[in-house]
Structures are given as structure tokens and as C-alpha cells.
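Single chain ahead, written as C-alpha cells, the form predicted alone.
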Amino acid sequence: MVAKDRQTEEIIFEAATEEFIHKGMDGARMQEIADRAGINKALLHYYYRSKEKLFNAVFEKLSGQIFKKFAPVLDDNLSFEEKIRFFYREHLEILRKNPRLPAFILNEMNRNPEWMKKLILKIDIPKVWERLESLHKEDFERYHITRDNFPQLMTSIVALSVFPFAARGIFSTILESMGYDFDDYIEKRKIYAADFVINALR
């Protein structure tokens, strides 16, 4: 029975994730999530009493999976430059598989900024900085990376991978008019964006 409950919950999570990413919190409907999961609405409410509770559970699990994916950034077995390359390989691949993710996150940040702040504050940002600085002290000194300009650097790094997806509706049309395939562009961008950041730091 426990195994069956777990399987049903996983099916609900998968269906809800698809529905929320496509339509956001406001646009998603519990009936449509139930239909997508192949269950009745009463059973969906048995597991999750409200759409808000289901959304919170899905969003926290999704963000947790993403943060876990980038855990090697805090390991000591990769150089600073290797971590930049690792970030773009993984981040761009996640976005390639989930192209609606940036728009979904931006919409939810605007819809409920306080809830989003609570989620972000679960990450010990100062501790992340201290860990990276201790691991790559020489690199930080050579590249003039400080606590003051670190937010600027991180914003720039993330923007280079997020923008093509956040503006995909227009950007993919521009690429097509120039004879480029969007997926091929993203594959090459994994290398180009990393090279761009590393060369900019030197």
C-alpha cells in the first residue's frame, strides 16, 4: 500500500509539474492535473487538499532537484574554470529539456515575491561565498573577484544561459532567419558562454 501511494504521488508530481510549468500557478487547474495524472479529482484532493499546497510541494521539490544538480560547484575536485564550464553544461541542458522553466520562475517571482524570498533564503548564500572563496582564493585574487562584485559576476553568468530561453519566442525566430537551429545553438553555447566568461575574467 505504501509503495502504491508513493507511485501515485510520483504520478501526481509529474502531472502537476507539467501543468504548472505550462500554465503557472494561476492558470493551472486541479481537474486538468487529475486528468493528466489519470486519476479522479477526489483522489488528487486526498493527497493534496489545495492547489496551493500542491504547487508549493512541486516547486520546492523542483528547486531542490536543481540545487542538488549543482552541488559539485562546492566540491574541491574541480578547478574554478572547470566549475564555470560545468555550470553551463548542466544549466543549459536543464533549460533545453525544460524551456518553459525560466518564464515559469520569473512569473512566480512576480506573482508571489515573498514566498520566493523564503525559498531562496533557505540557501545559505554567505556560506556559499565563503566556501568558494576558500577553495579558489588564488583564482579570486587573480580575477579580482570580491564579495562586493560577486553578485555582479553571478548575475552575468546566469543571464548568459537564461536569456535565450526567456526570449525564445523572438530569439529562435531570429536564429531561424539566419539559418541556425536553436538546439544546435544551445549545444554550442555550452562552450561559448563558458569561454566568454573565462576570457572576460582574465
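We number the residues from 1 along the sequence you see. Think of the rigid core as the biggest set of C-alphas that the two forms share within 1.5 Å after superposition. Everything numeric in this text was worked out from a predicted model, so none of it was measured.
If you look for the form predicted together with a further copy of the same chain, you will not find it shown, but the lines that follow are about it.
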Query raised in the report: Taking heavy atoms only, is Ala42 within 4.5 angstroms of a further copy of the same chain in the model of the complex?
Result: no
Query raised in the report: For Asn107, is any heavy atom within 4.5 Å of a further copy of the same chain in the model of the complex, or not?
Result: yes
Requested in this report: Using a 4.5 Å heavy atom cut-off, state whether Thr155 contacts a further copy of the same chain in the model of the complex.
Outcome: yes
Query raised in the report: Should Asp148 be classed as touching a further copy of the same chain in the model of the complex when contacts are defined as heavy atoms within 4.5 Å?
Result: yes
Query raised in the report: Any chance Val58, Leu135 and Phe140 all have a heavy atom within 4.5 Å of a further copy of the same chain in the model of the complex?
Result: no
Query - Neighbours of a further copy of the same chain in the model of the complex among 111-131 [non-hydrogen atom within 4.5 angstroms] - result: Met116, Lys117, Ile120, Leu121, Ile125, Pro126, Trp129
Requested in this report: Note yes or no: does the Cα of Ser63 move by 2 Å or more between this form and the one not shown after the core is superposed?
Outcome: yes
Query raised in the report: Does Ile21 show a Cα shift reaching 2 Å between this form and the one not shown after rigid-core superposition?
Result: yes
Report task. For His136, state whether the C-alpha moves by 2 Å or more between this form and the one not shown after rigid core superposition. Result -> no
